[in-house]
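Form predicted alone, single chain, as structure tokens, below.
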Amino acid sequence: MPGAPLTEAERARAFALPKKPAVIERQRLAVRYHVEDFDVRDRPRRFLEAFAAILKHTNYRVALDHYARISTKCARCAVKCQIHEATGDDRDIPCWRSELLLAVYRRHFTISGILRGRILGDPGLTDETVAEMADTFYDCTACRRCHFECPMGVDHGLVTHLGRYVLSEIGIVPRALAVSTREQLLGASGNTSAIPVPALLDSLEFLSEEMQDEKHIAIPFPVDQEGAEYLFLPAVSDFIMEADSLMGIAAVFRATGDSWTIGTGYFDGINYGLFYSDQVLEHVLRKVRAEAERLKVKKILIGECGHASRSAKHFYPMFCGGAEALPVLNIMEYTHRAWREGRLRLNPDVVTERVTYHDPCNVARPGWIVEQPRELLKAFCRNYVEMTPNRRDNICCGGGGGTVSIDEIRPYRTAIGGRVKADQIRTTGAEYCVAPCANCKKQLRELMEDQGMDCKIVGLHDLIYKALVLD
């Protein structure tokens, strides 16, 4: 769907560099996100060494061998890219971006490329190309919508991820992601928001008191319940920012009577490794496994968060036990199943406003969670409307791929990345937009604010909390 034309003032603001010239000169990196200081010497050689190590110890070579042999220049993917639609810049065509990394692979990691380079005197990867990749790979939201349009099946989201992975190995990674991950893996709190356990417990106690006042019934948040059916892991930021979502989830469990628990040993579903590093991805999942084993739970239950759900669903078995790994499910799957089994009653007279639904890319694009939230919403929201396009062909919120956590690029995210999404929501006339993902909620709230729109962004369980009938 066409977005409103980008004005020159908006373009200038979106692409302005927030960093001081001295920092750019010291790091030799003119990107819009902040980066911790790193070794800038001989970057091409170090990039190639990191690339070689990743190829040696992973399975990326299989995909790259295929992608490097076929054309990645037809540009059909452009029609599915909301970034390109907003800017009209050829450099924002997904296959143009992928070709940057594939050209490095052909030149340095294939026999024909190495021979051609020697014969023609091609020096290969340059410092300028490394800087160009550092810039463009974080323009992409890694929503993977372009994958549907590529006639050769190139997964540009995968190439973007790999490019970021290699860059991170030489020190080029957004500071916002690096700092959060360091706290999660090495810090005293052990989570990305640096929430200490006493603060977590205070927050849960406060929410239970709120529900007691509102629903006149005791609704607890179980903590460290050994042998529970479900270990619950939301995006940790939900504990301080998404009270209504958490109360809705607790109320659902109060209605079903199933056993669940939050672990004080580890309670963060966020996994930024999905955005830039397979090593981080693995280490975070091993923390989940350690907590699950400590509490002897039977299943991993992820809260309303797209990337947390996808990283656990698809990679927990890979890194944490294979066929013996614990099952992973998303809270929307749990609630939907309980409703289908007749264990939840939803009052259709409570939410009368117009409601629409935003599909988080990480759970909708593969077709995993598409109809479940819609069936729930239609069960109690009389004025429900769809965005177009939707479901697997949904348009990203504009903050995907971890970019929503990079506050210094907010002007880019809300003027460029989320531009088409804003038009899509505006067209529905909805008063509530349900976005069951921590990252989507943050991006869409900033988008509504910056675009001057009056639509409230909520989670699925925010509305379920309003409509749920408790005995």
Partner chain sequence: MEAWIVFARGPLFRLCFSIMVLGLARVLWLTGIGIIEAYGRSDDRALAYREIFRQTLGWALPVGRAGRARPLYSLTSVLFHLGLLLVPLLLQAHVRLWQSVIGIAWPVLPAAAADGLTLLMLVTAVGLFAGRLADRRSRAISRLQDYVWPLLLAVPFVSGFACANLTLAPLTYQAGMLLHLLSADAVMFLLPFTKITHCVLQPLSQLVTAVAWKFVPEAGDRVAATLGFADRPSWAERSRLGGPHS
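Numbering follows the first chain given and starts at 1. This structure is a prediction, so every number in the text was calculated from the model and none was measured.
Below: the form predicted together with the partner chain, not depicted.
Chemist: Using heavy atoms and a 4.5 Å cut-off, decide whether R76, H84 and L185 all contact the partner chain in the predicted bound form.
Modeler: Result yes, every residue of the spot touches the partner chain.
Chemist: Check L246 for me: does it contact the partner chain in the predicted bound form (non-hydrogen atoms, 4.5 angstroms)?
Modeler: Outside the cut-off, so no.
Chemist: Can you check whether H336 is within 4.5 Å of the partner chain in the predicted bound form, heavy atom basis?
Modeler: Judged by the heavy-atom cut-off of 4.5 Å, H336 is well away from the partner chain in the predicted bound form.
Chemist: Is it the case that R286, even though its partner is missing from this view, gets within 4.5 Å of the partner chain in the predicted bound form, heavy atoms only?
Modeler: Yes.
Chemist: Using heavy atoms and a 4.5 Å limit, would one call T136 a contact residue for the partner chain in the predicted bound form?
Modeler: It does not: once the partner chain is placed as it appears in the predicted bound form, T136 has no heavy atom within 4.5 Å of it.
Chemist: Partner absent here, but in the predicted bound form, which of 291 to 299, 95 to 103, 122 to 130, 347 to 355 has residues with a heavy atom within 4.5 Å of the partner chain?
Modeler: In short, 95 to 103.
Chemist: Name the residue from G113, G263, G190, G157 that puts a heavy atom within 4.5 Å of the partner chain in the predicted bound form.
Modeler: Only one option qualifies, and that one is G157.
Chemist: Considering I195, C150, L207, L326, which brings a non-hydrogen atom within 4.5 Å of the partner chain in the predicted bound form?
Modeler: Of the candidates I195, C150, L207, L326, C150 is the one lying within 4.5 Å of the partner chain in the predicted bound form.
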